[in-house]
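The chain that follows stands alone, in the form predicted alone, written as structure tokens.
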């Protein structure tokens, strides 16, 4: 049996959290190993668990730590600093593009609206784990619209010149949510070579993760949303 993906839940609404846990537990390749009703205690709790989640689902709207806000954005930043390999997917009732773009730019690997289909939650978790991100059409459009407000054409051309033709090809396929093995097969190169190009892309673009590469690609016109 294939090793299961370990998942964590950070959600203050008890019924929603338990319902989500029940849904996730119905898939044999997922295993819920962590729960928290707030964000500010997550780091301390993670230091005490036997299994650290590989993918964490984090509610955007979480209770404050006294007078200090500690929303999904703060949780994302904290987890990125302390668990850089963990994939973070934001759950929210907000469909506002600014919210979506900000969270992805902050380091989240995906963004789901709470009224989405359970199948999409499963797809997001497995995609984030295997491909490094889950960027659906809504998220991609939000990133593009947000960047269009801030980016000048001159900056775009200068940044794009940093990449080789092969790196640009790999970046396009990463944005299509292909795995390392799928990219290798498509370009007739080895997975090791793909990983080398991915690492080079991360270094050249200054991106922290695959979601960051998607932001770079949209910003520089490597991919476009119609």
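Numbering follows the first chain given and starts at 1. For clarity, every value in this text was computed on a predicted model and none was experimentally measured. We call the rigid core whatever largest set of C-alpha positions still superposes within 1.5 Å between the two forms.
One more form of this protein, predicted in complex with the DNA, exists but is not displayed; see below.
At a distance threshold of 4.5 angstroms between non-hydrogen atoms, residue 210 is in contact with the DNA in the predicted bound form. Although the partner is absent from this view, residue 41 stays clear of the DNA in the predicted bound form, with no non-hydrogen atom inside 4.5 angstroms. Interface residue remark: residue 55 is not counted as part of the site for the DNA in the predicted bound form, having no heavy atom within 4.5 Å.
Taking the partner from the other structure, the DNA in the predicted bound form has no heavy atom within 4.5 Å of any heavy atom of residue 28. Relative to the DNA in the predicted bound form, residues 77, 80 and 101 are all farther than 4.5 Å at every heavy atom. The two forms, fitted on the rigid core, differ between this form and the one not shown by less than 2 Å at the CA of residue 46. Relative to the superposed core, residue 28 shifts its CA atom by less than 2 Å between this form and the one not shown.
With the core held fixed between this form and the one not shown, residue 210 has its Cα displaced by at least 2 Å. In comparison with the shown form, the Cα-Cα distance of residue 184 and residue 122 increases by at least 3 angstroms in the predicted bound form.
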